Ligand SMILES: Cc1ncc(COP(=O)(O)O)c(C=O)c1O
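So this first bit is one chain, no partners, the form predicted alone, shown in structure tokens.
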């Protein structure tokens, strides 16, 4: 008689103990359902005749159990109102002491994020609706660790058209964002990984947590230098983070030659390659050496980090190891978001969104627009480093510590340059990294006002 269900509008899962009498088993099962909260105060129980039929018991047995629970105060019974759960006092659970959520900054110029208030909600809803209607039943089950073929096919076309990437669906692996992509790559290489210095500290931590030693890869005015004695190197060629320097053509050739000759893995992190404002975006390094360069991208800067969709375009010899690592990491990335993004790309809604964001961010940064970012920094006599691209600028300043202190007092979130060095004590330059894409449109000028005050002694 175990795991019997009723038609009371909720699944009671009445587990009738065979060691008890039938009446006693019903009493205990209903009593425990009330105590556990599965039957809320005021919930109406099924009529004795109906419950008896569903449990395969005599009606008198169920009626006697109800009468006993009414007598104990668990149930109430009124003519015409049926039998309901009585309003019982619940034992209180001690509150767990938790720290309240930290309030966000008053002015957010943190680098590394787009303006998420501009997420294309309407287009995403339409794409999701179309994708769900067209999706095969298998889309809701376990799938290929490489990701949905619809998205891999769309990405192969899009990346070839916009970034000059040589890709086929078979060489693409969809990941849960760039962070997972980086962790997967670190897990399949055998040896130390060179990462740009300065560079993003969190990405160094991701590689270290995957069990790989991290060595600094110096960055100069031509971008990342050529590493030596490592199993892999991670670079940001289109727009180095945080200096903003693009990788020089000679350095591009030198790095691909290094990867080809050494057999090491060269990872191209194309985190904001679509956003260049003074000319056509630089093509991906991978397009010149597709058998030796791993191309990594994501939707985090174009749509928003909450989408959690990234991708790797892999040389043939790295496909199977990365697919195997992905399988054991999380089997595969969720499918519905993949199908929606595939639809956005196929219908060119993604292209339209990127073009709109590119125009908006260029205007925020533009030196030609009075009272906006670069024009303000020019007026302060502060150098802005990096090409006209991406979602951040590097503002060099002789007293980084004082600027960050004033920013904190103003409720302004920016990043210091010092924290980006592998050894902050050996930092050769000071300054702040300003993410001008982060604020919503209505909050942008107020954030720039706060930045101006923070940079002024």
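Residue numbers count along the first chain shown, from 1. Computed from a predicted model, the values in this text were never measured in an experiment.
One more form of this protein, predicted in complex with the ligand, exists but is not displayed; see below.
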| item | value |
| --- | --- |
| Selected contact from 271, 295, 275, 350, since only one has a non-hydrogen atom within 4.5 angstroms of the ligand in the predicted complex | 271 |
| Partner-contacting position among 177, 105, 315, 143 - heavy atom within 4.5 Å of the ligand in the predicted complex | 177 |
| Exercise: residue 300 in contact with the ligand in the predicted complex, heavy atom 4.5 Å | yes |
| Residue 85, heavy atom within 4.5 angstroms of the ligand in the predicted complex | no |
| The ligand contact at residue 241 in the predicted complex, heavy atom, 4.5 Å | yes |
| Residue contact check: residue 112 to the ligand in the predicted complex, 4.5 Å heavy atom | yes |
| All of 357, 445 and 447 within 4.5 Å of the ligand in the predicted complex, heavy atom check | no |
| Partner-facing stretch of 69-77, 125-133, 331-339, 177-185, counted where any non-hydrogen atom is within 4.5 angstroms of the ligand in the predicted complex | 177-185 |
| Heavy atom within 4.5 Å of the ligand in the predicted complex - qualifying residues of 183-208 | 200, 203 |
